[in-house]
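So here's one chain in two forms, each on its own in structure tokens, numbered structure 1 and structure 2.
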Structure 1
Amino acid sequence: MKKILALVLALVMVLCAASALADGIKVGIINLDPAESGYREANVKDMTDTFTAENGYEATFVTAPTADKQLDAARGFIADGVKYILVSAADADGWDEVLQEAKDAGIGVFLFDRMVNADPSLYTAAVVSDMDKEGETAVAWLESLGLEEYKILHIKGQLGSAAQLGRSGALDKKCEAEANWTIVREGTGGDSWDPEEARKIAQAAIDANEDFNIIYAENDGMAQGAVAALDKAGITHGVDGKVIVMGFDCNKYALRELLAGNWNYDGQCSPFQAKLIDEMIKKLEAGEAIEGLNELNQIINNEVGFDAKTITQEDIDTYGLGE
């Protein structure tokens, strides 16, 4: 009899667990490749650690590094009947149609990390960085140096992404307005923000004997790749060097380079949006309204830039990503 009761109890526990899983909030999460950067690795982990069965979700995660694959994934989630779609957009354009399809199906869409160029009524909310401000902060820091000539090697991220548009936009605007600001050479690390592609861009400039005194790389990995070309050529860089090195994302290895004086500037970009989106979804599920959104249905991360001359170990411990 005791054995029968134990079996019945075990069966009930299994059924309860299955029921809990079935009752989980069904979400589809579209993200970029974690191998892209330390930032993206932290961002992906933040999402997978938050949207779990234990936290009340039935979550499906898709890695899609390009816009066409992301749109296909979103339509797959719509067909699958998820309740919410979360997406970090590879490209800011081209989302209107699929967002309308999601809205028509009664599916809420949350943007994270990156914005899209679409009417705010087509998505529920966005938890993002202000990429324009990131670029403006970096350019303002560069302007504060008061150099006679700004001869810039500009290494862009994934073309068309919100991060690339924001970080490039402020620099392009400054170079158009000021005669002593010149982009000597520019290129891109491609969809994967590839450090090796950045190294090739810097190497090509060196081989062509182009005179540059600034590397403006739109993430830390590409800055690291460009610096490898400088090191190979014996070109000094950093606080006391010939070339100023600028990156973005605040990976710990990059901030350590600042502390050592080998790099000059790193712009913060927070990868942590999952907790806030989780809270917003739980509010909606409880029939409550989301508070604190601006006119674009956004909540903006507060971010800063770090200077090699003022950064501390405490800054690295507090804001650094990865190891």
Structure 2
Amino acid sequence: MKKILALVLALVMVLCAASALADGIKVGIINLDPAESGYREANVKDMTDTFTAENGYEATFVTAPTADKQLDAARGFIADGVKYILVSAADADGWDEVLQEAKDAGIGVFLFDRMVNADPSLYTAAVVSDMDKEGETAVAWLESLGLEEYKILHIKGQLGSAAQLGRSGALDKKCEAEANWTIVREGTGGDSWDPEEARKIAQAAIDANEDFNIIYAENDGMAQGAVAALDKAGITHGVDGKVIVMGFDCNKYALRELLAGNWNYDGQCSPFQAKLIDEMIKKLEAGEAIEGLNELNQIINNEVGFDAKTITQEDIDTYGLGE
């Protein structure tokens, strides 16, 4: 028994010495479960790839799917005396107290991907996506094609979700404003953004002999579902086809369809926030101030859209999610 105790003590001492030697910037990163989606998996990987010892960090990672576990992890990090805490919150509410504790302890907090309902003074900065902008970028791309008529089959995502509202908003606005932009039909893939529902919507439009030349699907899976209906009915699509296919999320398989010319556009919803946070921390460490924050202490993550005519294999490797 004594031997074991001695061994454990020795191990602890070695570890302490090692951590003292490591001398990196101590950060604690709280994320969500990577199995949740391709987006989250890429996001977790981005964080682990960026906050490495070689990059000058001593990072501890926690992935927890629920708010209470995340809050426990945050308290643990505060007790450990980390210098920065990075959080993608499972729940927007309930963070005030912990953020205040962190602030009192002089710990900088960065929010990424998801906002919390707390006073902006309680966190250093937040790196988030602008869903409205994703829709606007896609609609601007569509407009740049200069078609005579825009007859759109609009397949919405989970109704009421931030991504759906942003991606639908820009298109709805455009269709109201322009006479030659019409939504021929609209439907939803439901809460799971179901490709099968999208396929049925496209199939019903084809069976009714609706004339459409654009499929605006609010994620890649639903675009794929709609394309399956086109293929079955013998309607060509893509770069040289009759129907323009648009998707969102930039999964690798979708970008490959773009590269093959089967689809036309894919809008990014970037899970890559690590680099921006890394730069901000380096600035703070160097005693500089962070610039470019809006009134909510946010930095909007730059997101792009890919065009089938200009996409390269390199883009797929860099920006593609999943396998």
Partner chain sequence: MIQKTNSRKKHDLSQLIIPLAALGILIVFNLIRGIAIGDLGFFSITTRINNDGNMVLSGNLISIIDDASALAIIAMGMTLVTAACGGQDISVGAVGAISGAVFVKVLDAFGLDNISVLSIVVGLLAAIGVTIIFTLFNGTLVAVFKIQPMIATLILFSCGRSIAYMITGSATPQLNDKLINAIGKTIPGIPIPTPIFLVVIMALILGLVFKLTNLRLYTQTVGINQGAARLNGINPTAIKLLSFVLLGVCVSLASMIQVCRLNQLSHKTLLDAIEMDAILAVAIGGNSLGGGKFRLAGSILGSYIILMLTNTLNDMSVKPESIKAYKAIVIIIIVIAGSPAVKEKISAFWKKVHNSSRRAVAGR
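Structure 1 provides the reference sequence; residues are numbered from 1 along it. As the structure is a prediction and not an experimental result, all values here were calculated from the model. Rigid core: the largest C-alpha set superposing within 1.5 Å between the two forms.
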query	finding
Form predicted on its own - which displayed structure it is	1
Hinge candidate matching the rigid-part switch between the two structures, set Ile85, Cys269, Asn43, Ser37	Cys269
Smaller rigid segment rotation relative to the larger between the two structures [°]	42
Following rigid core superposition, Cα shift of Asp119 between the two structures in Å	8.4
Value in Å for the CA shift of Ile300 between the two structures, taken after the core is superposed	2.6
